[in-house]
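Take a look at this one chain, the form predicted alone, written out in structure tokens.
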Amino acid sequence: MTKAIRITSEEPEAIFQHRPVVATIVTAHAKGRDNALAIGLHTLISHNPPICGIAVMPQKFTYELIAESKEFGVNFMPFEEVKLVCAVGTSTGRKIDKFQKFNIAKEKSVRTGAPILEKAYAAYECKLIDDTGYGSHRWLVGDIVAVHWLKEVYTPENTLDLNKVNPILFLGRNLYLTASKDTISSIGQIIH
């Protein structure tokens, strides 16, 4: 058996070990414009009250719209929409209307002006409660004020049913993959 080689680096570009991550499309509306941006840096911060966080570079047009409107949407897309995720992540809303250019269908949001994507299997509408800079990104924290989801793609236990939908996982450098239902393992509760 070959011994594993562990590499140590202090260079920022070496940070990629956290991938894959679930790719999402963050949406915003302000100044009479809608925009969409693919991101992989996001998490649920609290269940009660429901709060999430997203990381967005401040030079992005979507960040400008969120800073102005104080709200955003987080859309979880099925793997069939991987080309759309890549397209909105590699183009700028300053120069094009992404919704028109990529024929993005949206549904009406209920508590914010942020577009909810019709093809999303789940989406959050968020009201911005904090905007803090950390290095190259702004960490945007939002109260989740509405949740949209396709009931039929979730199990009765409210877990994603991989027989019905596959999330988009982002590896970096425009590489994407998805989960396999064959790899699910139920461990049960571990008592410490």
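Each residue number is its position in the shown sequence, starting from 1. Being a predicted model, the structure only gives us computed values, none of them experimental.
Below: the form predicted together with a small molecule, not depicted.
Student: So which of Leu160, Cys52, Ala30, Val56 gets a non-hydrogen atom within 4.5 Å of the small molecule in the predicted bound form?
Tutor: Selected option: Val56.
Student: Which single stretch, out of 124 to 132, 44 to 52, 149 to 157, 57 to 65, brings residue heavy atoms within 4.5 Å of the small molecule in the predicted bound form?
Tutor: Heavy atoms within 4.5 Å of the small molecule in the predicted bound form occur in 57 to 65.
Student: Gly93: heavy atom within 4.5 Å of the small molecule in the predicted bound form?
Tutor: Contact with the small molecule, yes.
Student: Using the partner position in the predicted bound form, report whether Ile144 sits within 4.5 Å of the small molecule, counting heavy atoms only.
Tutor: Close contact is absent here: in the predicted bound form, Ile144 is far from the small molecule, nothing within 4.5 Å, heavy atoms only.
Student: Look up in the predicted bound form whether Leu37 has a non-hydrogen atom within 4.5 angstroms of the small molecule, and give yes or no.
Tutor: Yes, Leu37 is a contact residue.
Student: Does any part of His137 reach within 4.5 Å of the small molecule in the predicted bound form? Heavy atoms only, please.
Tutor: His137: yes, in contact with the small molecule in the predicted bound form.
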